[in-house]
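Single chain ahead, written as structure tokens, the form predicted alone.
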Amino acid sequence: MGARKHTANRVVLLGPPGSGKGTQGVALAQHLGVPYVSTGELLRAQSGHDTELGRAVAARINGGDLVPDEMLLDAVREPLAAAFEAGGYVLDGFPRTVSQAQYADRIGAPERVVYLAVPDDVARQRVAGRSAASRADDADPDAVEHRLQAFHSETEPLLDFYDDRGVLARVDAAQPPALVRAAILDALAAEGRP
């Protein structure tokens, strides 16, 4: 019998708004049999609560700002630990900064980080389509533009961080979803991971 190819079970999806992280993350988590942890979903749920934290999170999200590390870590701490204990995870929206990546490493470093690359104009079109489908945080073009700029300034440095570790894979996410999914699965099965 040949050796079975290892597929990563701890996966981070990086990409700008509209890159398909949610679509691909849900399908990938089902394929791998691991929990899908979306910080966007966690934060939107938190923002629906009439609490001091909920109102603070809602104000940040509605303005297109990234939520500060302390708030985000509070939201993901338990779901991330539970996912790691369950044998893996697909993370969407976390980490977003190098300091968050260092925190994630303490719980269970990702085996593979997939960057879903899309041009900004494609991201804008996709986000506009989502806003028509009831994504209220996507309805304000200025907030969307602010989120894209935040991605470029705060999250893109993670590409070098993970590339230096040899776990980064880049996928053209402007292609149809089925092709993106196939490219992600190929990246997860690729040899040469540390």
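Start at 1 with the first residue shown and count on from there. Because the structure is predicted, anything quoted here is derived from the model rather than measured.
Heads up, the form predicted in complex with adenosine-5'-diphosphate (ADP) isn't pictured, but that's what we're talking about next.
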item: Joint contact, Gly25, Val113 and Arg170 to adenosine-5'-diphosphate (ADP) in the model of the complex, by non-hydrogen atom at 4.5 Å; value: no
item: Partner proximity in the model of the complex: Ile61 to adenosine-5'-diphosphate (ADP), non-hydrogen atom cutoff 4.5 Å; value: yes
item: adenosine-5'-diphosphate (ADP) contact in the model of the complex: Leu72, any heavy atom under 4.5 Å; value: yes
item: Heavy atom of Ser47 within 4.5 Å of adenosine-5'-diphosphate (ADP) in the model of the complex; value: no
item: Residue contact check: Lys21 to adenosine-5'-diphosphate (ADP) in the model of the complex, 4.5 Å heavy atom; value: yes
item: Stretch 89-122 - residues with a heavy atom within 4.5 Å of adenosine-5'-diphosphate (ADP) in the model of the complex; value: Asp92, Gly93, Phe94, Arg96, Gln100
